[in-house]
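Next comes just one chain, in structure tokens: the form predicted on its own.
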Amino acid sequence: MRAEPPMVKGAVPIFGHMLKMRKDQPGFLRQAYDAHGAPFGINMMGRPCAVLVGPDQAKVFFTQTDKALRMDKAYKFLEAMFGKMGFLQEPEAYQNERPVQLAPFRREKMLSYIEIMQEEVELWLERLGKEGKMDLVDEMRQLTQVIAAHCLMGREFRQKMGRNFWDLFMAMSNALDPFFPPHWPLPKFIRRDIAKKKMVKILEPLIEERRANPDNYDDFLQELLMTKMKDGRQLTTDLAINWVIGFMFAGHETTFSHSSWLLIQLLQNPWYLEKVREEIQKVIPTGTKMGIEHITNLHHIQWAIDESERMRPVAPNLFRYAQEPLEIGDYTIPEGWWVLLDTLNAHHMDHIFHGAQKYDPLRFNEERDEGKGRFKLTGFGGGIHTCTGKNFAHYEMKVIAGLLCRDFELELLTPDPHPVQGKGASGPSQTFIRYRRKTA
């Protein structure tokens, strides 16, 4: 019989290795990998967890999802915010809803979002004025929020939406906690439940209006409501609200962090920013109405997006639950263990990416194509559970970076932005930049 993955030493009572994980998760996992290889085991507050690293083990991680590995059990703590929807339910129910999840991201719908993205980014750039200083991370958060609201919920909702709407989202987001039972009467959980009730009151009449007058709308939300599941039913109002909250959260929580890192790294590397600017002038000169032909030809920005995903993944690790024993390498992961895929450290290994500590977006160009292989780059997940909104996020980041770098000279003022692990995603620390609008 195969052995269990070797357990890292140094676990303390109750907390296991969690104190070390909270202090320096990347460093702790990297040292454990150097000592044991992968898979290895860690103790997460009494829960044994197998850590997987690298493309071969990522392949097992993703291809065994919904088989030996389960997402719903690993992320059960998210139910209090999003309810039973998507991957937070049993695989059969999730597969039944897949047509609803995919419909708003069909090609013809995706093309319509580009115009909205450009409109919102240009409004933001106009508000910046001629010159000034801004908190880049906060600006990206607010910009991606309004883009998500406009694309996902429609123009009328975006125009009526106040700051209170996103304050409710923050109250729910700040309560994300994988360690404490979500039903405990903790203050943050109480605030989450109050915010969720208020959110439902906002969304419920909006959805009922859409159902009563379906011919008046043709956008993401209407597609979500009208598409039938595999069993022929449409989403109930309660389930539709859960999907809307999930999409709105995903539509800005990870994208604002990735957009911030994209711009920060461009400003840290003038040699590559110059290549980006040259391409922008050719592809989207001033006055261009952007379409898919422009998006697909912004190659240098795409490679920069991929490099930011590699170096600063906003989801540095992913979880599953082993519902049955799983053989991997020379070991067997027992039933009941958690399974963690260490994306961040895999992305920084020289035998996977040449000169992995160096910023080099050109590694993703056609000649080198270091990202070739399904499971080398896993910042957006992989397999059937690859992030549904990946292309949406890529389009959005191209529009933001393209228009900002085209119209403004930018200077990074914060000397060394560093990753900060948030409740939902990892993002950069507070980062200030100086901007000055270019003259003709």
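In this text, residue numbers run from 1 along the sequence as written. Since the structure is predicted, the reported quantities are computational estimates derived from the model, not experimental observations.
In what follows, reference is made to the form predicted together with protoporphyrin IX containing FE, a form of this protein that is not presented.
Peer 1: Looking at K376, R406, R30, H385, which has any heavy atom no more than 4.5 Å from protoporphyrin IX containing FE in the model of the complex?
Peer 2: So the residue touching protoporphyrin IX containing FE in the model of the complex, by this definition, is H385.
Peer 1: By the heavy atom within 4.5 Å rule, which residue out of N242, N345, Q145, T255 makes contact with protoporphyrin IX containing FE in the model of the complex?
Peer 2: Filtering the options by heavy-atom distance leaves T255.
Peer 1: With the partner left out here, check for me: in the model of the complex, does some heavy atom of G381 sit within 4.5 Å of protoporphyrin IX containing FE?
Peer 2: Yes, contact at 4.5 Å.
Peer 1: Report whether the minimum heavy atom distance between A322 and protoporphyrin IX containing FE in the model of the complex is within 4.5 Å.
Peer 2: No.
Peer 1: Can you tell me whether Y75 touches protoporphyrin IX containing FE? I mean in the model of the complex, with a 4.5 angstroms heavy atom cut-off.
Peer 2: Result yes; Y75 sits at the interface with protoporphyrin IX containing FE in the model of the complex.
Peer 1: Given that protoporphyrin IX containing FE is not shown alongside this chain, does F364 nevertheless sit within 4.5 Å of it in the model of the complex, heavy atom to heavy atom?
Peer 2: Although protoporphyrin IX containing FE is absent here, F364 would stay clear of it in the model of the complex, with no heavy atoms inside 4.5 Å.
Peer 1: Mind telling me which stretch in 122-130, 67-75, 268-276, 295-303 gets its heavy atoms within 4.5 Å of protoporphyrin IX containing FE in the model of the complex?
Peer 2: So the stretch in question is 67-75.
Peer 1: Each of F180, P182 and W338 near protoporphyrin IX containing FE in the model of the complex, meaning some heavy atom within 4.5 Å?
Peer 2: Contact check failed for every one of F180, P182 and W338.
Peer 1: Go through 388-409 residue by residue and record those having a heavy atom within 4.5 Å of protoporphyrin IX containing FE in the model of the complex; state none if no residue qualifies.
Peer 2: Going through 388-409 in order - heavy atoms within 4.5 Å of protoporphyrin IX containing FE in the model of the complex - the hits are T388, G389, F392, A393, M397.
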